[in-house]
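Single chain ahead, written as structure tokens, the form predicted on its own.
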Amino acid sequence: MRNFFGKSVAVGAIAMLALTACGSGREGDDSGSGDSGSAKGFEANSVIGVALPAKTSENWVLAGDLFTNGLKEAGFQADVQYAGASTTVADQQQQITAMTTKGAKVIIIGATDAAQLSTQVAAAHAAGAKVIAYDRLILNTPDLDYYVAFDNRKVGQLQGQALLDGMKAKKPTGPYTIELFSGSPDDNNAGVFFQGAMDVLQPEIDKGNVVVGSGQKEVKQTAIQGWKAEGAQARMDQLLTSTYGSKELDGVLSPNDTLARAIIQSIKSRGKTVPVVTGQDSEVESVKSIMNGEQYMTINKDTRNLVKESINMVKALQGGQEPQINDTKSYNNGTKVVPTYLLPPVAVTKANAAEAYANDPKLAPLTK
């Protein structure tokens, strides 16, 4: 099993190119779309396991609370666990095994390392549990039943387009000098976000309209282990020292808000003008930064909706029904095409923040 730098994940990445919402032609067939089958149903007060990664972002913290409360309200016993702060996969492997032993009827997994859970998923499946991958596709296992997520390649495409739009708004003519950042190499989504962004940026790089100042264009060169802010700040510090003594930096592709704020802090600490910086997750501090004119954009992936759809899947399985899915072709995990329910992401800048967060009680007040 390998992470997204390895060949096995490349199969999934290539397959993802077919996602209709992304307007591209990816390979895929229905060979894995029907083998989950309709559940026979189970008692309404059954244990439902939820295994989440470390609390590295606001959205993971919120997801845990929403699952705990939402499953309880639906009449289930919620067993919600977080991996340790080290972000190593061993914690999560043990937690999934414990959920299986406890007799969980459904186990929802936000993977710490998508390529190292196949043994635990197989054991859960053999014990009769249904397994749902939450937000991050679990790789190289035929025993994954469903996947629920936002359209992650679209996320990257929105980030790439926003970067171009933001730079053009600040400086009508190029060429534009940028730097690229990507997420943790053990998170399959990180590679998907990066590939989506490069769908948009690579043609401009090829034309010479956009230049990566450091020359670091490969995902291995741009990855930040564990999605840690200190890793992003250290890399940005190094780039500023090595490349931007007198050279102007027009934009930075940041895959999420935590890294975006660290990148901005690095740039400000050097007394340089903050360029166009992208983000994702609609974290409170980043929304404030956007409204203050520093971070340029974020992606709104409403965790409330993602958790709601996950719980809807559990309810359907409890009643012996097939959960709602809207993609049966695109998400090949290297072993099967996983039946998937996708939600649409929304790009947010200062211009549309009030509209985007109008129904969010936490964020709406920040946009006034």
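Residue numbers here begin at 1 and follow the sequence given. Treat the numbers as computed from the prediction; the structure is a model and nothing was measured.
The form predicted together with ligand BGC is left out here; the points below concern that form.
Note on the partner interface in the predicted complex: the residue among Asp281, Asp145, Asp250, Asp113 having a heavy atom within 4.5 angstroms of ligand BGC is Asp281. The contact with ligand BGC in the predicted complex, taken as any heavy atom within 4.5 Å, belongs to Asn189 out of Ser286, Gln195, Asn189, Gln95. In the predicted complex, at least one heavy atom of Ser57 sits within 4.5 Å of ligand BGC. For Gln295, no non-hydrogen atom is located within 4.5 Å of ligand BGC in the predicted complex, even though that partner is not displayed. The closest non-hydrogen atom of Arg261 lies beyond 4.5 Å of ligand BGC in the predicted complex. In the predicted complex, ligand BGC stays beyond 4.5 Å of every heavy atom belonging to Arg235.
With the partner omitted here, the stretch from 49-57, 65-73, 327-335, 310-318 that lies within 4.5 Å of ligand BGC by heavy atoms in the predicted complex is 49-57.
Contact check at 4.5 Å (heavy atoms) against ligand BGC in the predicted complex: all three of Asp135, Asn256 and Lys301 pass.
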